[in-house]
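In structure tokens, one chain follows: the form predicted on its own.
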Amino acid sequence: MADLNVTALARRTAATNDPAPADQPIWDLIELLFFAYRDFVSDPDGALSRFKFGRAHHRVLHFVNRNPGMMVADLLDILKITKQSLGRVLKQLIDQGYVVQKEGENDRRQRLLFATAKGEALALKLAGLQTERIARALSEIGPGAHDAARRFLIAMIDAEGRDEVMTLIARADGLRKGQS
């Protein structure tokens, strides 16, 4: 059965670069995204399991590390999770010394989040695992793969949220370059 599906996919790909008709699901890309995500998170999942952390911990640590001093409210907006869900994960990260929470300088009600040195080291380890997988995939595709992948992923983000995402990424990249 698998050979038939692969053969059918190869024939479709060879016949046209066009996606499925508008009224048909694009099964191959849907499933490839599921499998790519499964494997993309599998490397960090293994590393996180030693700490009894999961994917929510990874996401929180990633964004706090990339955006030092971010407000809890902003993190909630990025992750699209409930305050209760974030609270549980954040408490574990704080209690185990991966994240610290500070009051805002101008508004003491603000809760600003920072990765500790321990948190930064773990975030970088997890990013390194994912970078290896991405670099391997991009090298298989060849020249221009990074830009094509970037354009595709940006296009997958809801249009009304793209500018905000790109601003967040550019800000985090700028912070990292300033530390180098």
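Quick note: we count residues from 1 along the sequence shown, nothing fancier. This is a predicted model, so every value here is computed, not measured.
This next part talks about the form predicted together with the DNA, which is not shown.
Among residues of the shown chain, Gly54 is one whose heavy atoms approach the DNA to within 4.5 Å in the model of the complex.
Residue contact check for Val100: none of its heavy atoms lie within 4.5 Å of the DNA in the model of the complex.
The DNA is not shown here, and in the model of the complex it never comes within 4.5 Å of any heavy atom of Ile78. Within this chain, Arg111 lines the site of the DNA in the model of the complex, having a heavy atom no more than 4.5 Å away. Segments offered: 55-63, 24-32, 143-151, 129-137. Contacting the DNA in the model of the complex at heavy atom distances within 4.5 Å is 55-63. Contact annotation for 67-87: residues with any non-hydrogen atom within 4.5 angstroms of the DNA in the model of the complex are Met71, Val72, Ala73, Lys80, Ile81, Thr82, Lys83, Gln84, Ser85, listed in sequence order.
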